[in-house]
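Below sits a lone chain in structure tokens, taken as the form predicted alone.
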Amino acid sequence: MDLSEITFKDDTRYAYAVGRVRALETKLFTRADFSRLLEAADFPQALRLLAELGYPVSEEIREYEPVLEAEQRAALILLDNLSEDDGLVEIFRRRYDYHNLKVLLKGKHSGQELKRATMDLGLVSVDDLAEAVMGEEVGELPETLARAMAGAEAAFAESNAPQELDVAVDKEQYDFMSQVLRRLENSFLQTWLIWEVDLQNIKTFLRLRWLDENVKLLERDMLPGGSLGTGFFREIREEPLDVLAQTFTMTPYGKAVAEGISQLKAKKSFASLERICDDLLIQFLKRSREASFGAEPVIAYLLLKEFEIRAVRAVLVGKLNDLPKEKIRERLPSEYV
């Protein structure tokens, strides 16, 4: 769907919520803010600047993840408080349950302790989910998570491939999200999800194409809910990269795919493609500022805040590891640098 086709519903239930969000939008990081962070001489100075910009950090800390998780939690609590639709809260909280499920399943089957990589931001506590993954109290899980876990376990038992765990859970997650958004009949949010799925599938396809993997992986890895089906990718899997760029011209992703392929050929890296896809989604979300009332600005704020947090994390990781600022910049969406 083209951006010009997006329509917004004037849902006056969200009048107060939109007012709150408009004020918070002014506090989202700008290019100038990220420029200051990139120019920081070292990790402690980056933390000082981050504190000036409103994040509750100090120079003494080295563990910044709890701070970033607290920022994400605050944005989710805002959604909890402002949403007039239970389905929206469930969608955006449930994403963390799926994330945690993948982490715990990989920990179980690798024999590693990966619980630190979980994020206690979902609707099911990490401890309860961990018990279910280890075979205890499975019946207490919501149906969608129980189905995702069963599908992941079955896929892993057949292939013994850890990546099958991610694929099975991701498919259940996006199928669940698509169903809820269809029920809510929100054009903007439905299109956002379609774009997110399409861009994930495009990135998956180009990775498989670049690595010359076989079509069976293509069938396995494609996510449901997008506008470009598995058949579309199957038909173009043998085309040269330059021709592939032309294939996407009539989609909303034409320029992004062309630039991504160009950067992939030049740098032999997928970092630019990731950044370009993020740019496209950020630009899409900013269209919510055209809405006078409705859930769209509330959800867009949450997602833009999450993009900001990811970018802040990339800067801090880079500073902590003494990466040159040019290398860090490559990992940030162009909207921020």
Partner chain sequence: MRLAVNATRMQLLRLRKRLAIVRRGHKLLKDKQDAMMRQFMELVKSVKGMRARVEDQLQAAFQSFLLARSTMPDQLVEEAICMPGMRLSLKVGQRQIMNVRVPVLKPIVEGSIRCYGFVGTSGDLDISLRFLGGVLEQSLKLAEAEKTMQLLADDIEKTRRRVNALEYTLIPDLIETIRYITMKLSEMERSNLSRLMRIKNIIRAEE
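Positions refer to the first chain, counted from 1. Note that the structure is predicted; figures quoted are calculated from it, not measured.
There is another form of the same protein, the form predicted together with the partner chain; it is not shown, and what comes next is about it.
Asker: Heavy atom to heavy atom, is residue 102 within 4.5 Å of the partner chain in the predicted bound form?
Answerer: So residue 102 counts as contacting the partner chain.
Asker: Should residue 147 be classed as touching the partner chain in the predicted bound form when contacts are defined as heavy atoms within 4.5 Å?
Answerer: No, residue 147 sits far enough from the partner chain in the predicted bound form that none of its heavy atoms falls within 4.5 Å.
Asker: In the predicted bound form, does residue 58 have a heavy atom within 4.5 Å of the partner chain?
Answerer: No, no contact at 4.5 Å.
Asker: Spell out, yes or no, whether the shortest heavy atom distance between residue 210 and the partner chain in the predicted bound form is within 4.5 Å.
Answerer: Heavy-atom contact with the partner chain at 4.5 Å: present for residue 210.
Asker: Given a 4.5 Å cut-off on heavy atoms, tell me which of 249-257, 233-241, 112-120, 186-194 is the interface stretch with the partner chain in the predicted bound form.
Answerer: Selected range: 112-120.
Asker: Out of 262, 227, 163, 179, which one falls within 4.5 Å of the partner chain in the predicted bound form, going by heavy atoms?
Answerer: Contact with the partner chain in the predicted bound form is made by 163 alone.
Asker: Is the partner chain in the predicted bound form near all of 65, 204 and 317, within 4.5 Å of a heavy atom of each?
Answerer: All of them do, each having a heavy atom within 4.5 Å of the partner.
Asker: Note that the partner chain is not shown here; using its position in the predicted bound form, name the residues of 244-272 with a heavy atom within 4.5 Å of it, in sequence order.
Answerer: The stretch touches the partner through 268, 269, 270, 271.
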